[in-house]
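Presented as structure tokens, the chain that follows is alone, the form predicted alone.
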């Protein structure tokens, strides 16, 4: 089934690129997402099975597949208004929709790959799809962001490939080269730890460009700024999730070896370094899209820190990714309306937003409260679990440092968001009074879902996350 899905993805993406009727182009995208949802149902019914050695269905992939469907569908809905308001030409819309299909298919491949080589290939494919979407506006800013993204992502993925080569060197010592997750996990405890450490270091470094972590985070920030807001939403949510899954597959395969403590230490260093850079930039940046991008970097760092703590930290990391995806995509979607009204991304030109666009302002207000993890946001639960995991590991001193960095980022967000919502800016000009209510309603629904999960913690979500992490060491 998934092989057929991927073939159809390529055919439909290629066909959509030549469609010059915008309405038909949009219909093709939504038709593809219906097919995507069908694949999700099929994979859920066959969870635990492997398909043709190269693909599998597991709870980790299914969790992020559900998020991918929700965010991608919402993004496509927002692009309809974006294309209409910006008077996007049919050829540009066709290429964007073709890129959306290809990008979504590539991320699906990342989620369900069962082979390290196949996983690497699909991560590389996301670079191509994302680059098409980033270049949408066809201006100097988007061109620069696109070529930087292509160049640095290619370097990052090449670094990750070098890490995979170390798997080959390690396997050769045992006379067997099996790059499937299950096959490699079975022999990993017998392999030379030095090869495994080198592999993990290179993989995390390379795939950091997808998750938005240190060291390759800069191009991710530029891409989210230069791309249309609905593309920035996807880069900050579903692509971050795909980057995490790519790193997780290696971690899970190596978790039964002697390098587990080393991997956790390395992830902790990566997460704290990412938090530090996010805090520094959050105090300085005036561009709202870049501010949200650095906020995504902060949460990527928190996820890695929680995951490195093990135990309850595993659960916290997955829950945090789900909640962050829903909240951050809503905020990016709303930025598109904000830009239409003020014709600027700088906070100094945006003010009294809650008065000018009440529903949109409510999205920003609730999204801000959610992203800084105030109750009843689901992010409050995941961050509380993260602190608990740190203390359980006798890392209370690190918890203090992390909380301090998070407070700095919250201060940076608060000074911008509250000013945008409530203060009348003398430099602000209104270019378009009408706001699109239905867009804001979708965004509110996503944020309210985060609050719902935070308040009630539905058992189906708890059970699914627990099933996804049950193969990891306690």
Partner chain sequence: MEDFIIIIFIISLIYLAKAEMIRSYVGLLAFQGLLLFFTAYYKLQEIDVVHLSFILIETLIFKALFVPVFFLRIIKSKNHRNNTGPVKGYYSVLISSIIIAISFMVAHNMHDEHLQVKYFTAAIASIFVGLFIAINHKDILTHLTSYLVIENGIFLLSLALGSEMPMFVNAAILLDIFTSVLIMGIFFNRLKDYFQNTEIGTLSNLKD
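Numbering follows the first chain given and starts at 1. A quick note: this is a predicted structure, and the numbers were derived from the prediction, not measured.
Keep in mind the form predicted in complex with its partner chain is missing from the figure; the text below concerns it.
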Item checked: Residues 23, 185 and 207 all lining its partner chain in the predicted complex, heavy atom within 4.5 Å -> no
Check: Contact between residue 376 and its partner chain in the predicted complex at 4.5 Å, heavy atoms?
Finding: no
Checklist line | Contact of residue 180 with its partner chain in the predicted complex (heavy atom, 4.5 Å) | finding: no
Checklist line | Heavy atom of residue 161 within 4.5 Å of its partner chain in the predicted complex | finding: yes
Check: According to a 4.5 angstroms non-hydrogen atom cut-off, is residue 222 in contact with its partner chain in the predicted complex?
Finding: yes
Note to self: Given a 4.5 Å cut-off on heavy atoms, tell me which of 225-233, 383-391, 263-271, 364-372 is the interface stretch with its partner chain in the predicted complex.
What the structure shows: 225-233
Next item on the list: Taking 4.5 Å between heavy atoms as the contact cutoff, choose which of 352, 343, 154, 257 touches its partner chain in the predicted complex.
Entry: 154
Item checked: Residue (of 357, 336, 295, 146) lying close to its partner chain in the predicted complex, criterion heavy atoms within 4.5 Å -> 146
Next item on the list: Let me know which residues along 264-303 have a heavy atom within 4.5 Å of its partner chain in the predicted complex, or say none if there are none.
Entry: 281, 284, 285, 286, 287, 290, 294
